[in-house]
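One chain comes next, on its own, written as structure tokens: the form predicted alone.
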Amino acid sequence: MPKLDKMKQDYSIRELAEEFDVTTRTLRFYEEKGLLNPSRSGQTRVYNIADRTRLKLILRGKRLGLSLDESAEIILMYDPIGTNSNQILSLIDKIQDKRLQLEQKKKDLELTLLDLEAAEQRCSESLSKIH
């Protein structure tokens, strides 16, 4: 993956796609959703540092298990002149919700594994009685 100059202010769609290992279609989709707002130079999209940062946040949210709408909600709360405490509190709430969901899924998986183990044991016992 090519390393981009962190001091660079403008990026092509190809440069951002390669840096973040996403498709150009993904970037156009985020643009359609209003999350990225590249300027145009003729037919060419020109992404700025804010678009790059938003993309980074979208992908981070995705890794945390946030939906695109959840990430967008948090990203759009950003106020460059404010404290952004509401944005941070909202993110904390979403992280806590995701953690609870994952803990429940983990418990469900553990129970399913126990059920599978018990079923396998019963099947093995049945087979041993047959032979």
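Note that residue numbering follows the sequence shown and begins at 1. Nothing here was measured: the structure is a model prediction, and the numbers come from that model.
Separately, the form predicted in complex with the DNA exists; it is not shown, and the next lines address it.
K.L.:
Given the stretches 99-107, 49-57, 65-73, 86-94, which is the single one in contact with the DNA in the model of the complex, using a heavy atom cutoff of 4.5 Å?
P.N.:
Single hit among the candidates: 65-73.
K.L.:
Give a yes or no for R25: in the model of the complex, does one of its heavy atoms lie within 4.5 Å of a heavy atom belonging to the DNA?
P.N.:
Yes, R25 sits close enough to the DNA in the model of the complex that at least one of its heavy atoms falls within 4.5 Å.
K.L.:
Verify the contact flag for Y78: yes if a non-hydrogen atom of it lies within 4.5 Å of a non-hydrogen atom of the DNA in the model of the complex, no if not.
P.N.:
Flag for Y78 set to no.
K.L.:
Going by heavy atoms, what in 28-49 lies within 4.5 angstroms of the DNA in the model of the complex?
P.N.:
Contacts from 28-49: R28, F29, Y30, K33, R40, Q43, T44, R45.
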